[in-house]
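What follows is a single chain, given as structure tokens, in the form predicted on its own.
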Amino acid sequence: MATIGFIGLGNMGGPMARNLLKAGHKLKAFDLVQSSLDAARAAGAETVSSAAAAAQGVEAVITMLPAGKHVRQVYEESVLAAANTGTLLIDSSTIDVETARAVSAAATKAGHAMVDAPVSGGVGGAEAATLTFMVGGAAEAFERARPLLEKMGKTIVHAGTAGAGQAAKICNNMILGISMVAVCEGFALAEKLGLDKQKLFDISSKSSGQCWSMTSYCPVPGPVPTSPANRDYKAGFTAEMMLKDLRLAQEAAHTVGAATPMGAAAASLYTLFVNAGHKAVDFSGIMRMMRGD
């Protein structure tokens, strides 16, 4: 089994790291938050005092960090110099495509193999090892990364060259954000019209209104018992994280001159929702704003 450096042990990185430990891999783990380090140590990881220490003497390094600026800093200031030549680098953060490509180019220049491998599936998917990984990078690097990713996820897709994983993630989540707003609007209108929410669900889930936001993550309590709406919108994927992804999509669209008016509208609505104090609420909780709560 491989020895892996794991940097970033938060809500997603923590359970991902634990799944690698369960699979028999050895981990050198680092995070700025002491409680996250303590949890990793309790799960069997060796904890270290810096990102550079996590990257030294390992076969692969996995990072799960908040934003592009953190990824760029950790790789440029720590990982690229500390890792042995030929080390496999996997960044599972959700960041902008430009940064993903720049860091990958720097990694290649330093003699490493790298993939960007953002995830979909939320905290529940991280804990259950059922995440979807959207992977960008050379085919050889992808094949090296696949066995590790399979210990943390269920669906592993090679999306293309460097940055393609990030492109796939932000396009997918833009679609998700737009569709969630549409489903919320539909249920809010139905309520005003006196139409029972279960009746609307029974009809739309089997007809042209059907989508994942409707059938798997319904934003009103009742029709889908496992959805966060039945737990007062306790987050599986927060509104703040959805807004981050929608903003990344808008930045990318601006860069390439793509028209994404529905994505822009969704970003504006989630900005209002987050700024109203709901950043930690599940993203489906925007139903409250649509309802006028």
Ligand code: NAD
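Note that residue numbering follows the sequence shown and begins at 1. Values in this document were obtained by computation on a predicted structure and should not be read as measured data.
The same protein has a further form, the form predicted in complex with the ligand, not shown here; the description that follows concerns it.
- At least one heavy atom of Asn11 is located within 4.5 Å of the ligand in the model of the complex.
- The ligand is not drawn, but in the model of the complex it has no heavy atom within 4.5 Å of Ala60.
- Taking non-hydrogen atoms only, Tyr233 never approaches the ligand to within 4.5 angstroms in the model of the complex.
- Among heavy atoms of Val119, some come within 4.5 Å of the ligand in the model of the complex.
- Partner contact region in the model of the complex: 93 to 101, out of 150 to 158, 93 to 101, 217 to 225, 176 to 184, criterion any non-hydrogen atom within 4.5 Å of the ligand.
- Distance criterion of 4.5 Å from any heavy atom to the ligand in the model of the complex singles out Val33 from the list Ala265, Ala258, Val33, Ala42.
- For the residues Ala113, Ala83, Ala145, Val74, the 4.5 Å heavy atom test against the ligand in the model of the complex is passed only by Val74.
- When contacts are defined as a non-hydrogen atom within 4.5 Å, all of His70, Val123 and Phe237 contact the ligand in the model of the complex.
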